[in-house]
Structures are given as C-alpha cells and as structure tokens.
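One chain comes next, on its own, written as structure tokens: the form predicted alone.
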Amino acid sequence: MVFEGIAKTALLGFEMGMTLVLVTVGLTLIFGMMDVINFAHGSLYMLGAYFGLAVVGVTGNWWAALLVAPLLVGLLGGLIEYFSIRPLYGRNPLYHILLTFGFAIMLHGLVTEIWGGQVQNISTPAVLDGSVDLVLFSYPLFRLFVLGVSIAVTAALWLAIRQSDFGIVMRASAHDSEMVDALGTDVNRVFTAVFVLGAVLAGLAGVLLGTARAVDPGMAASVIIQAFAIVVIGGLGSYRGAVVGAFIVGMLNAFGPMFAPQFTDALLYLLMAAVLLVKPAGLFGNPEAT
C-alpha cells in the first residue's frame, strides 16, 4: 500500500516536472540568448489557458484549442518582442525587467476584465476522459497524455537545438551575436523567433495545465515563481539545467505535501538557497551547456 502511494506520487511528480519544463525552457532560452529576464512569461502561460478556454467555447473542439491558443500566444509574444523589447537590446537589463513586469500587470488586468476573476474549467476531450490501470494504481488518461506531450516536445526541442541549422545559429548567437550578424545572419530575426518559440511553449503549457487543473488569473504568478526558481536551480541560460531543475521541483511539489505538508511552500526556497550556497551559478550554470 505504501509502495503504491509512493509510485503514484512519483509519477505525479514526473508529470508536474515535465509540464514545468514547457514553461521554463522558453524562459531560459530567452534569457540565454537575449539576456532578457521576461517577467511576462507567466502571463503568456496564463493567456494560453484563457485563449484555449475561448476557443473551446466558440468551437467546442479541445484539439482546435490545443493548436490555435499557443499560436495566438506566439503571435502576441512576437509583437511584444518586436515593438517593445527589441529597441532595448544592449541597454541595462533593468529596462527589460521593468518593461516585462509592466506587461505582466497589464495582461493580468486585461484577463480579469474580459474573463473575470473566478476559477473556470476547460472540459477534457471525451477521447482522453477516464483512467488507465497501471497495475499498482489507476491514473487519469488526460494526465498521461499531458506527460507524453511534454516529453515529446522537450525531446524534439533538444534535438532541434543540437542538430538543426537554426539550433546552431541559436547557440552561435548566444555566444557572439555580433559575429553571427557580421557573417550575414539577421540576429534580430533569430531573437524574435526564439521569443515566439518561448511564447508558444508557454501557451501550450497553459492549455494543457489549464485543462488538467483550472484556469484563473492567479495561475501566472504561481507558475512564474516556480519557473524562476527552476532557472536559478538549474543555472541561468542552460537547457539541461531547466529540464533537471523542473524535474526536481516537480518531485518536490509531489512529495512535499506527503512528508512535510506544513513546509511545502518553504521547501522550494530552501532548495534554491542550498543550491546557490553550493553552486552559485546553479547546477548547470554554464550557457554553453545547452
């Protein structure tokens, strides 16, 4: 019985960690390439959930929401990068922090004004409703779907960064953007593409987690706190660090309420402090580690 509970909690932690990867990878890619600390990233995740809610409301088709909502968030992310962040490249990072923090506040107010502040739910598609018997326990089919999508996207993105021409340009731009620009590649377009990619991933996570849990304006703040903690634990700008950090935080979120429910919220900060004391740059705090 105890082993069954631990196994089920471990699977839940793995699922939570892999879905956090979708949010954190975008954040860490944007920082690793552009040195932009994007405080609006959690709001883009929230918008993905609300756009998904709206698409399901209009079409009644959850699969359309899974496709359309992330693209809409990506389009918005591209507009934000092009018209507001791009003119600030090369300036003090404080400009980016203040700008994206302003966007986070504005998007929160906009969502609250349009959809209200109450908790809402996105209906699970009928084909993914129900549970699957995993010998020791049963597990919701939709959560297994979320886990599978998260693993597939994370692996595909890793291969794209390591193997594709665009991935090579991304890594080269992160190391020396001026040299890449001098060789004829439009670095600004690369930056915009990376920002759009990060926004799409955040929007995708918003639809998936908004369906698995609930949709409310407070979801932006809760996820951005964990995302920044993961980035710090894993190491700023490191893809591998983002994945490992998200996995650790996912397990912490799952096992914390089981073994230390009164300290669940504090465990995240204690872990972050411990990692910073031992490795101030994070577990994989080398931008070259991507």
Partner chain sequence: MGGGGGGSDSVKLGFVLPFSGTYSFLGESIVNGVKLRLDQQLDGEIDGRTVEYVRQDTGADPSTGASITQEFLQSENVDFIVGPVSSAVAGAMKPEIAGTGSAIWLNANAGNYKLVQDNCTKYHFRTSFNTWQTSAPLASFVKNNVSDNVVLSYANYTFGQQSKNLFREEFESIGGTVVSEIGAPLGTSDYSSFLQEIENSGADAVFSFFAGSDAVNYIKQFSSFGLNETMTQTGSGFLLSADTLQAQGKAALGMYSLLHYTPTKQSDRNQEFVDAYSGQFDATPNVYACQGYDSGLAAEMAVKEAGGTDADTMVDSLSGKELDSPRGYFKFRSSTHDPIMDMDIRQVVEANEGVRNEVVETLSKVEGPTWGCSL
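Positions refer to the first chain, counted from 1. Note that the structure is predicted; figures quoted are calculated from it, not measured.
Another form, the form predicted in complex with its partner chain, is not on view; read the next lines as being about it.
Looking at Pro87, you'd find every heavy atom of it more than 4.5 angstroms from its partner chain in the model of the complex. A residue is said to contact a partner when one of its heavy atoms sits within 4.5 Å of a partner heavy atom; Val25 fails this definition for its partner chain in the model of the complex, lying far away.
For the chain shown alone, Gly117 is a contact residue for its partner chain in the model of the complex, at least one non-hydrogen atom being within 4.5 angstroms. The closest non-hydrogen atom of Met18 lies beyond 4.5 Å of its partner chain in the model of the complex.
Residue heavy atoms within 4.5 Å of its partner chain in the model of the complex occur in exactly one stretch of 31-39, 230-238, 62-70, 247-255, and that stretch is 247-255. Residues from 185-217 that approach its partner chain in the model of the complex with a non-hydrogen atom closer than or equal to 4.5 Å are Gly210, Thr211, Ala212, Arg213, Ala214, Asp216, in the order they occur in the chain.
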